[in-house]
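Given next, in structure tokens, is a single chain: the form predicted alone.
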């Protein structure tokens, strides 16, 4: 952690070297996600509710997914750009250093410009927490924390899977964006509004619903099943197959010769 702290400060100083550029990029990232917020707002201004969900509940749900995605993308940016790391030969240098490749990739890039998206998520959290009418207690607070934690782990695992596939293809596969950026977009609504098939996919294949839909039902009082609050921890088991795929890909790695 001491080494990670040093790299964190180093990347922060690097980002602050061009303060205006950093500020404008952060504002740009904020505004892109703010457009999605406006889309939700105007839709509710017209229809008032979607499948029984109020605007404040939707914003709370969206804030959970957006914050989870942003934290994962900010701190695990190296996996999201891993195709370039292989292509330019940087990964060859990583392999000869006396540290774990995963640790070095995590240290390699921290995308501070995603703070703009995190700020928007926190703003929606504040509104959703106050306006949703949820009777808050320690269990509900823990549930909300676990939802963000579990979501961050799931999106982090998807970035690792994306990087693992790059070992075989040497290039990034755009279809993985459906599971990362796409999930960030359709995850703004509780997953049951997309139908049972999507809900099953998001429960048994890529466990989005274990940190988004089921804990959200408990959080908003739509179910009394307190076991739902712990499902984000179950979702974290998704790390096991993700790591095994990474190990498999690493054993098959062949340098590009760059």
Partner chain sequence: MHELRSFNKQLRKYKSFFRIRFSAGLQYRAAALAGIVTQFAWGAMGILGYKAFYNENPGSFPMSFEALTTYIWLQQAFLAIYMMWIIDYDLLRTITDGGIAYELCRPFELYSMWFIRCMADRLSKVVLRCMPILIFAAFLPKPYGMRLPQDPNAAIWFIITMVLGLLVTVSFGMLVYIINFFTLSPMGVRLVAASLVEFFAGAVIPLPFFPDGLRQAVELLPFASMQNVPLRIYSGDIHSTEIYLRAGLQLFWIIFLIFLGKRLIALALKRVVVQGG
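Positions refer to the first chain, counted from 1. Note that the structure is a prediction, hence the values are computed from the model and not measured.
What comes next is about the form predicted in complex with its partner chain, which is not displayed.
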Is it true that 29, 174 and 186, all three, sit within 4.5 Å of its partner chain in the predicted bound form, judged by heavy atoms? yes
Proximity to its partner chain in the predicted bound form (heavy atom, within 4.5 Å), stretch among 130-138, 91-99, 178-186, 144-152: 178-186
With heavy atoms only and a cut-off of 4.5 Å, decide whether residue 12 touches its partner chain in the predicted bound form. no
With a cut-off of 4.5 Å between heavy atoms, is residue 45 one of the residues that contacts its partner chain in the predicted bound form? yes
Taking any heavy atom pair closer than or equal to 4.5 Å as contact, tell me whether residue 242 reaches its partner chain in the predicted bound form. no
Does any part of residue 204 reach within 4.5 Å of its partner chain in the predicted bound form? Heavy atoms only, please. no
Answer with one of 50, 217, 229, 67: the residue that has a non-hydrogen atom within 4.5 Å of its partner chain in the predicted bound form. 50
Heavy atoms within 4.5 Å of its partner chain in the predicted bound form is the criterion; list the residues of 86-118 that meet it. none
